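Listed next as structure tokens is one chain, alone, in the form predicted alone.
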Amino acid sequence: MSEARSAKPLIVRKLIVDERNELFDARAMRSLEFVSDFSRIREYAAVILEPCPDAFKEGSLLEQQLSEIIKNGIKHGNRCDPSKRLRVWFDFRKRVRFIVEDEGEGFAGLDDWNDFYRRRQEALHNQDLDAFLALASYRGPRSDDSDGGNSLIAALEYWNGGMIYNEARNKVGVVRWYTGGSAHGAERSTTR
């Protein structure tokens, strides 16, 4: 390892549990409630994003990230049970902010996922390709063939203002900050 690489510390973002985080303050936010219908995820995202300024949409990237959060709530939280609802709060003033809550048992594997992601980032930082490839995707006890945890990897990078869960881990708050229509991040990050 070169001196330049060893001098640069590895900073690993993670999913945070913080019930009292300001990201959960839904005052002045609009909200919608949806039935847990997996086939309608993109439709739900489109309805929520209708009032969103085009400068924040970044092509279809915002819609993809929101759809993943909705999908996780419907599939993993509510287990596609049509009697369970998904509630989404949203705000597009100066940034994009969402709170998504399902009626499920919560993300029980959150700590395991954080450990997986830390080990993955360490392998990448240390240029250990074998270890990195062995950590290509996260497989939790309830994962199926279409799961891999990779949407969370992208989400940690995308939501530059934080990705926070409540204590029950069935509610997530996210924010993405912009300046002049483009994303920026480090100075507003709530990750540790």
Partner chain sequence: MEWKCVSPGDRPDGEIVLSGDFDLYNAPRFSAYALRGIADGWTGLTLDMGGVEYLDSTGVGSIIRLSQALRAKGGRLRVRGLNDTPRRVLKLSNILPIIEEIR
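Fair warning: this is a prediction, and the values are worked out from it, not measured in the lab. Residue numbers count along the first chain shown, from 1.
One more form of this protein exists, namely the form predicted in complex with its partner chain; it is left out here, but the text below deals with it.
Which one of Ser36, Ser67, Asn160, Asn166 is close to its partner chain in the predicted bound form, taking close to mean a heavy atom within 4.5 Å?
Result of the distance check: Ser67.
Can you pick the one in Ala28, Ala55, Leu32, Leu133 that has a heavy atom within 4.5 Å of its partner chain in the predicted bound form?
Spelling it out, the residue with a heavy atom inside the cut-off is Leu133.
Given its partner chain in the predicted bound form, answer whether the residues Ile16, Ser83 and Glu105 all have a heavy atom inside 4.5 Å of it.
Spot residues vs its partner chain: no contact at all.
Should Pro51 be counted as a contact of its partner chain in the predicted bound form, where contact means heavy atoms within 4.5 Å?
Output for Pro51 is no: heavy atoms all beyond 4.5 Å of its partner chain.
Just to confirm, Ser143 within 4.5 Å of its partner chain in the predicted bound form by heavy atoms?
So Ser143 does not count as contacting its partner chain.
Counting only non-hydrogen atoms and a 4.5 angstroms cut-off, does Arg176 reach its partner chain in the predicted bound form?
Heavy-atom contact with its partner chain at 4.5 Å: present for Arg176.
Does the 4.5 Å heavy atom contact test between Asn78 and its partner chain in the predicted bound form come out positive?
Outside the cut-off, so no.
What residues in 32-65 sit within 4.5 Å of its partner chain in the predicted bound form, counting heavy atoms only?
Read in sequence order, the residues that approach its partner chain (within 4.5 Å, in the predicted bound form) are Phe38, Ser39, Arg40, Ile41, Arg42, Glu58, Gly59, Ser60, Leu61, Glu63, Gln64, Gln65.
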